[in-house]
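Just the one chain here, the form predicted alone, laid out as structure tokens.
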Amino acid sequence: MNGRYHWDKQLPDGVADLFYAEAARKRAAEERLRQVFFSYGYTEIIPPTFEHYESLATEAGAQLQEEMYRFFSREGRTLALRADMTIPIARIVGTKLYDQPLPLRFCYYAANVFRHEEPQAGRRHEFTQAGVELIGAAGEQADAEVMVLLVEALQKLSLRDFRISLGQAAFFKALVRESPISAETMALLWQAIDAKDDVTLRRLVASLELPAGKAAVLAALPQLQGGADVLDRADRLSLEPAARAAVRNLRRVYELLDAAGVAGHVRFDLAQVRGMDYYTGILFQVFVPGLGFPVCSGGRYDNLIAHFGADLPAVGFAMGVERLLLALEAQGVNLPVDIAPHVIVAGRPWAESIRLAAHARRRGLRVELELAARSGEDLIRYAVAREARYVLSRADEGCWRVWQGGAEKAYALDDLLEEMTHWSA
């Protein structure tokens, strides 16, 4: 061996290094989301990165359970890395916060989650989620609050063009309730509905033991998408009381979104059935033109927390931060970031340089103390490469030279300290 590092083996598939502007841009997006979440009264919650597998697998659905990273503790218990944030938060509320005043409003904005799935655009085996959970509040007003917050968060990121696909898990579940459908057939049914495959869907529906009315609505699901008129069509088709109640719920949510001025982003899709394992009411996804995947998903999950303790209603959403950054890039939006030092101070004489650097930092400036003994033109070239605004180097005893944008000026030390009070970040 020649001792050289094999850079193609540096990282396993599905993970990535972030640094410089890319890392700063991700943090900037997370900070904007944090500001919106906090402005609505949501406070941060931080579950552990791994837990007992049995806990994280609760209501996760077969696919998500399969994608979890599992390993064994020294005691032989099966542990897993968290694959989403909703289930750990449900555990915390159900076991520790059930006696707190309701509703509870929690958020997360820089939470890494892990899934062993085929890497996709904007999603790796390790990726970041941001989102909110509104717990202990039932009804359309709670649903609308979460969706209005979602729209404001996307707009805070400067995302200009997006569509919210809004469905209702209870509508589909009302059609298949009390019908002997195997898990395998249900998966095929979901696949046909998701693909808008009318031929396969009608064949599958014909093979099920469903009342004629339910079978007709189920076969028509791929056509129940579009504007608000979708709700009228669904209402006319549905004979099942639970299905009609689900449509009324959607109508009331839409009226509240319209009152808040965000309904223009919403399109209905009652064929939205994938990923509804623990959803009981509204469910939604956010799509951006030009990207073939959702950047956000969420909905109401009224039965999940009861698996851990208290029976509490809940609604929330999770955003994929990497996917949001891809969406922004596709729309030509780059979040402004600045990682350059404002000031570079020559490192000699050491004591005086340290004091100058500390004074500048107290002014809120980013200050880099030059440690490689550069001076003169060499120091200036380094500062230009680092995109620094100011360079300070001592000219002689008690006198400092300030370089700014190609011009130099000398200051007595006290005068320089006064001058620095006018410098801003």
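So that there is no doubt, residue numbering starts at 1 and follows the sequence shown. Please read these numbers as outputs of a predicted model, since none were measured by experiment.
The discussion below concerns the form predicted in complex with a further copy of the same chain, not included here.
In the predicted bound form, at least one heavy atom of residue 348 sits within 4.5 Å of a further copy of the same chain. Although the partner is absent here, residue 380 is not a contact residue: none of its heavy atoms lies within 4.5 angstroms of a further copy of the same chain in the predicted bound form.
The shortest heavy atom separation between residue 396 and a further copy of the same chain in the predicted bound form exceeds 4.5 Å.
Contact annotation for residue 387: none of its heavy atoms lies within 4.5 Å of a further copy of the same chain in the predicted bound form. Of the candidates 288, 134, 170, 130, 134 is the one whose heavy atoms come within 4.5 Å of a further copy of the same chain in the predicted bound form; the others do not. Among the residues 260, 337, 208, 216, the one placing a heavy atom within 4.5 Å of a further copy of the same chain in the predicted bound form is 260. Only one segment in the set 328-336, 223-231, 192-200, 142-150 has any non-hydrogen atom within 4.5 angstroms of a further copy of the same chain in the predicted bound form, and it is 142-150.
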